[in-house]
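Before any questions on binding or motion, here is one chain by itself as structure tokens, the form predicted on its own.
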Amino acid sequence: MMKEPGKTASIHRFSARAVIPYLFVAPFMLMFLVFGLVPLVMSVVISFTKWDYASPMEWYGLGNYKLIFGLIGSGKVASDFWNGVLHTLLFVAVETPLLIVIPMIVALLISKCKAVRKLSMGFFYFPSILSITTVCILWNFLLDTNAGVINHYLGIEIPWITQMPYAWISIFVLSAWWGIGGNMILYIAGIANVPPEILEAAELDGAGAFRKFFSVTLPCMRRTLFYTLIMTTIGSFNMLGQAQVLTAGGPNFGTTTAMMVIYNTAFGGTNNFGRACAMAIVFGVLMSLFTVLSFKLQVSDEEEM
């Protein structure tokens, strides 16, 4: 039985229409498979081995995980790793609110001062385009105890980098200065998208500036706030450069984060890639738990509204 020409052409058009969207997605999926999924699977496999790059892999089973949780060995591996996790949690607990609140304040000020908006946005966004190494070198020049600009012009001798709690204070201030720009841009866009009629209605009802912000602006920016909270927290969990370049993990390993422990285990002389992969898996699970919890809270909040 012969197929009708019109029907055959429509089938070809339908097939092409169905394939085209996958062609657009294909480059991203290829990049994700090569640089995302495959390394993740390899890391999981390697975490069950002993491997120092030079020697063949040796199957170690759950040995690396037992070391991390202190079930075998002297406990030094577990102590170093979990101390790094605690330092990371300290950084997350302090830095995440700073990178949510400060960019919001800056975005509100810029939104009110339209005449200098572009200049102000460029001024606050500029640090975000610098590499963390560049930022740390710059701040080391500012904070050095003996030759630093800050101590020299203020006439003080505060050991900003070499003593506690100044080392952490320096890291917090540096990270806030470096990270303001990205969230600020998102908040400015979110503020611009708040319906003006709602703000006018609130003003007619007698709402002041604070009332309009907390009752109108913030609820309208709920999704933007949620996005910045998740991304900022994940970025804070992955803090490495600030502590490694500015303070070198000191003083007395007091600013050594989990990412530094993982990096040093893999490349810092220990060269135990299997153990480093196991640490990365455990740390990744902790980050995933936070992300899932945040999404649950967001969904429940939207259902209530």
Partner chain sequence: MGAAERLRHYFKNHSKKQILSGVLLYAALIVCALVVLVPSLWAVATSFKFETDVLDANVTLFPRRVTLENYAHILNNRNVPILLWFWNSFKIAVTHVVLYLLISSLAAFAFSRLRFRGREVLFWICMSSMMIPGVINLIPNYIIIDSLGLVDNMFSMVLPGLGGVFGVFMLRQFMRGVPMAYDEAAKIDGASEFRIYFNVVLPLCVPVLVTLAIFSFQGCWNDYVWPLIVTNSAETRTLTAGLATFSGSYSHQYGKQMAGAVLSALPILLIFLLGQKYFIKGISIGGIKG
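In this text, the rigid core denotes the largest set of C-alpha atoms whose superposition between the two forms falls within 1.5 Å. Numbering follows the first chain given and starts at 1. Here the structure is a predicted model, which is why all the values come from computation and not from measurement.
Keep in mind that the form predicted in complex with its partner chain is not shown, yet the notes after this line are about it.
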In contact with its partner chain in the predicted complex (heavy atoms, 4.5 Å), from 150-158, 90-98, 73-81, 207-215, is stretch 150-158
Going by heavy atom distances of 4.5 angstroms or less, which of Val85, Leu229, Ala202, Ile110 would be at the interface with its partner chain in the predicted complex? Ile110
Contact with its partner chain in the predicted complex for Ile262, defined as at least one heavy atom pair within 4.5 Å: yes or no? yes
4.5 Å heavy atom contact, Pro39 to its partner chain in the predicted complex: yes
Partner contact for Phe35 in the predicted complex: its partner chain, 4.5 angstroms, heavy atom: yes
Hey, in the predicted complex, is Ala54 touching its partner chain, heavy atoms inside 4.5 Å? no
Let me test this: is every residue among Glu58, Leu67 and Thr256 within 4.5 Å of its partner chain in the predicted complex, going by heavy atom positions? no
Sequence order please: the residues of 253-285 with a heavy atom within 4.5 Å of its partner chain in the predicted complex. Met259, Ile262, Tyr263, Ala266, Phe267, Phe273, Ala276, Cys277, Ala280, Ile281, Phe283, Gly284
Is Phe210 among the residues whose Cα moves by 2 Å or more between the shown form and the other one after superposition of the rigid core? no
Does Phe126 count as moved between the shown form and the other one, where moved means a C-alpha shift of 2 angstroms or more after fitting the rigid core? no
On a core-based superposition, does Ala192 travel 2 Å or more at its Cα between the shown form and the other one? no
